[in-house]
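We begin with a single chain expressed as structure tokens, specifically the form predicted alone.
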Amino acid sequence: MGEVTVRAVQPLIPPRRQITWFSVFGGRRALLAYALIPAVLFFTVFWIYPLGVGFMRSFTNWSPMSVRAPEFVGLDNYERAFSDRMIGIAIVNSVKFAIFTVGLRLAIALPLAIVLNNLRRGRDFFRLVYFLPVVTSVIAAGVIWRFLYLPRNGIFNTGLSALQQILGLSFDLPRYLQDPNIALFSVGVMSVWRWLGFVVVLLMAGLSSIPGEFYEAARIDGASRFQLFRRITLPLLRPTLVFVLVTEIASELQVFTEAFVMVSRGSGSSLGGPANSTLTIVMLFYQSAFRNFEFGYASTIAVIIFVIVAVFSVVQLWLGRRRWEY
């Protein structure tokens, strides 16, 4: 019989693991979680906490001018708000302003962005030119536009007066910020001008992300320019359009500075004048908080603003949830 050789089986010893910063802090995922801590703290301290405090204050009669502690009044502030006629006027004005400004701005910005996106030279120059009003101080822009709207010496009525003489027409020159029928829309035109470049830049970014092969294939199949716009540009630009609509409407529903500088401070009218035609919901919040010092009631108005903006945003996101793929 042959000899049987017995070999000792050595235990398998795993290789020594190299210690790195990732392993010390729990790996890459844990390190990413640690990196998000400042963002979570910032969101909590500057958004969640103020929102919660404001909501709780809306059930009190808190006033910084009173030496007494805030008292719980239940739903009295909300009953007052829903029975206040000025709240309804302010909400209607805010919605009208948002629809007018966002609709007109988008109607101008979309074709303008398409034209600029197709330019081979000078695209960056025109993009900068249209974006300049965005970085302009809103107060400075409001003061300038207030002088442009002057009934007698303003540049708009000066041009209309010259047109009257040339064409032999006869009509009353508009009074813009002094006319309750057009004061809100006059402020809206200034807002359209100021934020037009911002929307143009966003739409140009969305247009640049659409592959050119889609247009080339459609042109080979004989598609017209309108068909290219309808079948390719609009569907693939939908995410950008939804983002623009949500952010722009949320911003314009909270308009304050433009109307305050151009009308309330500039023309000598009362807050929201003339005849409450430019009274917005944020302006009513300002009046309740910083003129009447009714911070409890102002917190109620702030909650109403939050609900209105949230409802508009959710509806738009729901309507734009459809995705297109080619």
Partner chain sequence: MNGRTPSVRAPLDVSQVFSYGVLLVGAMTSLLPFVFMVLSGFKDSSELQRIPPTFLPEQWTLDNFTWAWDTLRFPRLFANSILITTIITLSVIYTSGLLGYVLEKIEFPGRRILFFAIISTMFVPQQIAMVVLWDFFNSLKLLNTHIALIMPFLYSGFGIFLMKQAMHTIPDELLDAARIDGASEIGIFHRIVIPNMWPSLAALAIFTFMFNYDSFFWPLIVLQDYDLYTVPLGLAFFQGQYFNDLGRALAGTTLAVIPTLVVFLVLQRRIIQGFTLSGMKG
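Everything quoted here is computed from the prediction, not taken from an experiment. Positions refer to the first chain, counted from 1. In this text, rigid core is short for the largest set of C-alphas that superpose within 1.5 Å between two forms.
Keep in mind the form predicted in complex with the partner chain is missing from the figure; the text below concerns it.
- The contact residue chosen from L163, A107, I155, I220 relative to the partner chain in the model of the complex is I155, the criterion being a non-hydrogen atom within 4.5 angstroms.
- Only one of 203 to 211, 234 to 242, 84 to 92, 179 to 187 lies within 4.5 Å of the partner chain in the model of the complex by heavy atoms, and it is 203 to 211.
- Each of L112, L119 and F285 comes within 4.5 Å of the partner chain in the model of the complex, counting any heavy atom.
- Though the partner is left out of this view, V135 does reach within 4.5 Å of the partner chain in the model of the complex, counting heavy atoms only.
- With a 4.5 Å cutoff on heavy atoms, F100 does not count as touching the partner chain in the model of the complex; it lies far away.
- Among heavy atoms of F147, some come within 4.5 Å of the partner chain in the model of the complex.
- Of the heavy atoms in P274, none are within 4.5 Å of the partner chain in the model of the complex.
- In the model of the complex, not one residue of 75 to 97 has a heavy atom within 4.5 Å of the partner chain.
- In a rigid-core overlay of the protein, F290 has its C-alpha displaced by under 2 Å between this form and the one not shown.
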